[in-house]
Structures are given as structure tokens and as C-alpha cells.
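Form predicted on its own, single chain, as C-alpha cells, below.
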């Protein structure tokens, strides 16, 4: 397929590389052009604008950090929307929330094109290994067009019939994961205050009915105090804001979600936004009484 790919950040670069390895013809655009050097050196083409990247492609893919970044690459005279023709398909890998997914779908439809919201579940390492889980929401015809590209980057694909449902599914699942990380950080801090070593807590936890790969992965990071970003705390905080947005739209009260969002916001406020989300464990330790 002739694919236009917009956004070569933490997740976008390995995804684009896997599409290239699968034999797709790639034209890419990134705000910082040098991020495209590897793709270009392997035969990809570098577009000057998102519009150029989207023009004349079998499929257009976007992978950016949030709804503001998505608007920036889609809108305007040089935006990707201006490059879409009747019948084209735009797939968005970003996590931008149900509101944004619905708004983009409506704008794409006005241009006679089709939209698939396709938020990702997984880390950069999963992206590098083409082991992501994706939730694809859009019309059957649009999903069919996107499927060859999705199979090149994902281990599992779940399909829904509306973009906003896919966007909601992503933030619902991440609400669970974020709450798990927050609970782990709090529990490790409590145990440490009583003289329990983090690795021992994780060992017992993993032997119980509460075991989880997430607890093992993040617990090891806390044990080593290794907070290099696998998934940034600032992005987790953004996801929690999208949870609150969806809850407000749907008339649902989420007390736990609000508490997790406040905790993550505190982490961002105190300079940990670029650290891994596991760094929330340091917040509990900092709050411990002397």
C-alpha cells in the first residue's frame, strides 16, 4: 500500500518502521524532520507538509501525542485533511478521546473520506516488536482498507463500528491500568515505611490471585528507581483527563478516576511529567511522615 504516515515520535517511529518492513511504500512527515532520517535512509520519502503526506495515498495514518497535536497536523491549508480525496481513509493511532474522535470523523466525512479511530495499547517495546493491541473503530469498509497496515504493527486487533467507541474503549482500559499503577505505588510506599523491601512485596503479590504483568514490570522499575520513560507520566495524566471528559459527557461519577488524575497531576506539577508513570511511587514516599 502507498501509506502516508504523520508523527514519528516514541510510538510512531517504530510503527512506521514496521510498516516499511512489511513492504508498504511510506511517505512520512514529522514536525522535526530529522526524526525521519532512518525511514528515508531505508527508502521512505519525506513530505514537506502533512497535506503533501496525505495526498494520493491508499491510507493515511496519524500518530501524535494528544488532541491538540492532532488538530495541528489535520487542520489548515497545509493540514492532512486538505490532502484527502473522496473515498480516502484516515486512521488515527493517537489517544485523543471520544469527543475528538467524533469531531474528526465528522470533518473527514464532510470531505467524502472515511475515518478509523485506532488507539493503541502497549509500550514502545511492544511497538518495536509489532505486538501492539489496537482497537479500530469505523465503518466496515474503512476498517477493511486499514487492516493490512494494522496487521503489520499489532498482535491483536479489536474492531468496533464507531470511532468514538474505539476511543472510549482505550481510555476505559487505561483507566484500569492507571489505577493499578497508582495502587501499586501507594502500597510499595506503605510497605517500605514498615521495612518491607519492594522486591519482596512484588514477589508475594505475584504469587497471589492479584498478580499482574503490570505490577511486575512497574515494581521492578520502582525497586531500581529507574524512571526512564516507557510510558510518560504526563501522557498518563492526559489519559485521565480524557477519562474525566468522557465521564462528564456520559453523566458518570468516577471517584477513583478523579483521585488518580489528581495524583498524576501532582507528579507532573513536581517535575516528573517526563518520567515513567511508575514514578508516582516517589510521590507517596515524599509524602511519608518523618
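Only a predicted model underlies this, so the values are computations on that prediction, with no experimental measurement involved. Positions refer to the first chain, counted from 1.
Here the subject shifts to the form predicted together with a small molecule, a form of this protein not shown in this document.
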(message) Taking the small molecule as it sits in the model of the complex, is residue 238 near enough to touch it, meaning that at least one heavy atom pair lies within 4.5 angstroms?
(response) yes
(message) With the partner left out here, check for me: in the model of the complex, does some heavy atom of residue 280 sit within 4.5 Å of the small molecule?
(response) no
(request) Please check if residue 32 has a heavy atom lying within 4.5 Å of any heavy atom of the small molecule in the model of the complex. (result) yes
(message) How about residue 27 - does it come within 4.5 Å of the small molecule in the model of the complex, if we only consider non-hydrogen atoms?
(response) no
(message) Exactly one residue in 146, 188, 73, 84 has a non-hydrogen atom within 4.5 Å of the small molecule in the model of the complex; which is it?
(response) 73
(request) Could you work out which of 69, 46, 256, 247 is the residue within 4.5 angstroms of the small molecule in the model of the complex, going by heavy atoms? (result) 69
(request) Heavy atoms, 4.5 Å, the small molecule in the model of the complex: which of 86-94, 131-139, 216-224, 192-200 makes the cut? Say which one. (result) 86-94
